[in-house]
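Before any questions on binding or motion, here is one chain by itself as structure tokens, the form predicted alone.
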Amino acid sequence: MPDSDVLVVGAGPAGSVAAWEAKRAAPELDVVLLERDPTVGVPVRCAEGVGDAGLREFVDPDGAPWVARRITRIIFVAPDDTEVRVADGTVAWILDRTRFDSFLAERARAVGVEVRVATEAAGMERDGDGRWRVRVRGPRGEEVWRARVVIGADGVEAMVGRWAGLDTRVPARDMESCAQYVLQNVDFDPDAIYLQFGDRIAPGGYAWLFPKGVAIANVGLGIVALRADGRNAREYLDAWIARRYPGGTTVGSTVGGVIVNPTIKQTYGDGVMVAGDAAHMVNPLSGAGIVNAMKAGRLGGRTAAAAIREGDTSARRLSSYHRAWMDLLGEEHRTHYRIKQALDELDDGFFNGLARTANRIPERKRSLGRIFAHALVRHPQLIPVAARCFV
């Protein structure tokens, strides 16, 4: 029965960073990273956008081969198609997730992490000496690995968390169904991301266009099924594309779910932690999760290494991981969740008016903070919303 000190399940950004950080913090430990797909980063399951500041905490994107596009503007689109342009300068990057995820996994391998692809965790249970026994299926057949700490970075499925007895359930109102196409031959500002809101466009969510180059982009949307009119996410997306980008050619597609629920109440147990989407560590307002996942992986990897060195991998010891996450971003995400709930109560007419209000601000002075302050003056019905979210 093979042994490992840290066994990480899932080689997305959370898992690869967790494995890398654990090995860097304690080089003497045996760290193993499992990925169920044959190739790390394939298939791509997100829109591939990431903020500049957060990304630079981990890597330098300038000139990197895993960058598809540098973004300098955000264009918000109201339900009636009124556009509001915000920002001027590097605000985000569109990644090539296939290359980016592979880069992170190879970086972990370079410091001594054992990376196994096409290898799936199939179940786990505690043994008599306080370790986890993890059943693994892969090219070598079925094996059982013993691990002192297991880090679950296995996405929205969150099987590690369930096996460990953690409550990873998602209320139906907080799960968005998403569909996305890679669309060619479409006309847009290649240096901007587009976000459009509206009940008839994407009820409970929003539609997006993230450029991957000139005339090619990730075009998708997410909806909350409970608020939809019976159509699924792909049907809403087809209708949106037919109206805004009728000449586009689809060269790829993906569907999936995005959790817009705050971090689960307990992200740890005896010898186990969960990170990234598996722990609902997604910004509930935007659905962004790549940088959040890497930050959680960093905390999880360092916590695992320190706990093993101390000889204490109990839930009590690993609870420091949860506290650190909540201090870092968890409490902020709770605020974002309250904002999302409040905005869900406002109709399309309100957002159309808000867009016209925002466009009265000179573009060079148009920041999100200034738009919000201006909106409070011209739309006093926002004041109770702000009070509920920030007071």
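Throughout, we count residues from 1 along the sequence that is shown. Predicted, not measured: the structure shown is a model, and the values here were computed from it.
The same protein also exists as the form predicted in complex with a small molecule; that form is not shown, yet it is the one meant from here on.
> So, in the predicted complex, is Ala304 in contact with the small molecule at a 4.5 angstroms heavy atom limit?
Contact with the small molecule, no.
> Just to confirm, Glu120 within 4.5 Å of the small molecule in the predicted complex by heavy atoms?
Glu120 belongs to the contact set for the small molecule.
> Should Asp30 be classed as touching the small molecule in the predicted complex when contacts are defined as heavy atoms within 4.5 Å?
So Asp30 does not count as contacting the small molecule.
> Tyr321 versus the small molecule, in the predicted complex: is there a non-hydrogen atom within 4.5 Å?
It does not: once the small molecule is placed as it appears in the predicted complex, Tyr321 has no heavy atom within 4.5 Å of it.
> Among the candidate stretches 230 to 238, 196 to 204, 151 to 159, 307 to 315, which one is within 4.5 Å of the small molecule in the predicted complex when only heavy atoms are counted?
Contact criterion met by 151 to 159 only.
> Go through Gly269, Pro79, Gly138, Gly287 and name the one with a heavy atom inside 4.5 Å of the small molecule in the predicted complex.
By the 4.5 Å criterion, the partner-contacting residue is Gly287.
> Using a 4.5 Å heavy atom cut-off, which residue among Ala105, Leu299, Val258, Ala164 comes into contact with the small molecule in the predicted complex?
None of the others qualify; the residue that does is Val258.
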